[in-house]
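Taking the form predicted alone, here's one chain by itself in structure tokens.
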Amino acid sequence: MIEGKKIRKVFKSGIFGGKTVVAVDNVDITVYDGETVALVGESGSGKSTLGRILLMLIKPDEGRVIFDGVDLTKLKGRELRRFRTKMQLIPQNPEEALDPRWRIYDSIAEPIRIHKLAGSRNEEEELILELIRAVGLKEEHLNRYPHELSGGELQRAVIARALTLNPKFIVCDEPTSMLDISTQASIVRLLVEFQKRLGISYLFITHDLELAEVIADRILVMRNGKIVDERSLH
């Protein structure tokens, strides 16, 4: 389970006391084990900022982020990095997660190498092949560069990379908004399949209410940095 308690984040633009924007305003949010919570709202409502705060990619100005009973806002350095391995981001633009200079193989292998999850090159290759097959890619895709893949193939590669560390919580930040309808449906089915198989919790950020109603257990509506409505679907 992950909780955000009284989360507040303010951004300031300009050097000399410029405009102040309250991106997240005193928000409480909980995502339970194995649950999908859809966070719905217009652009600029604070959805992505809140998602990145829960992953501790952005530090809140006020409030706490609690993951499996541990207050992440009190952790630093190696301790925080250890918990981050259990939390991943699937961004709207897959290019954010994939280095354009690297083959897909190396992008997926990077977290495996950083966290020393494979004892040998052969073990690494076996793990990566298992991952890409699970997300519906072929071995031939591993030797390609991001610009040589379609949008759907790129998002599948990002999902494979996110799954390398066996995460418990994933923030899906508009992961299908750049894709055509049929590809959107296949990516959503893939995410649902992995949730059933691995018990992953999702915060699914979207502006598409119909999609939220299909994938989510609960829907939260965000406006002007606040959660203004909550609806349970199951």
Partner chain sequence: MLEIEDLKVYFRTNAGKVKAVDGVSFEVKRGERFTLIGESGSGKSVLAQAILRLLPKNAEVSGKVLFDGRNLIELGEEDMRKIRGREIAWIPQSQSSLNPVLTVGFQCAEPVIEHFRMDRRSVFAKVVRLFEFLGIGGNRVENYPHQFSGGMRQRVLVAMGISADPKLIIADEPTKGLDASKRSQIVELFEKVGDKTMLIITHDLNFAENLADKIAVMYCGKIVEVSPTKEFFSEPLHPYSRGLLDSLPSRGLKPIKGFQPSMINPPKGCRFRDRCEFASERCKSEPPLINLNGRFVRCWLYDRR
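Computed from a predicted structure; not experimentally measured. Numbering follows the first chain given and starts at 1.
Beyond what is shown, the protein has a form predicted together with the partner chain; the following relates to that form.
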* Looking at 25-33, 62-70, 201-209, 164-172, which lies within 4.5 angstroms of the partner chain in the predicted complex, counting heavy atoms? -> 201-209
* Would you check, heavy atoms only and a 4.5 Å threshold, whether V188 touches the partner chain in the predicted complex? => yes
* the partner chain contact at V37 in the predicted complex, heavy atom, 4.5 Å -> no
* Residue contact check: L55 to the partner chain in the predicted complex, 4.5 Å heavy atom -> no
* Indicate whether V221 is a 4.5 Å heavy atom neighbour of the partner chain in the predicted complex. => no
* Mind listing which residues of 118-156 have a heavy atom within 4.5 Å of the partner chain in the predicted complex? -> G136, K138, R156
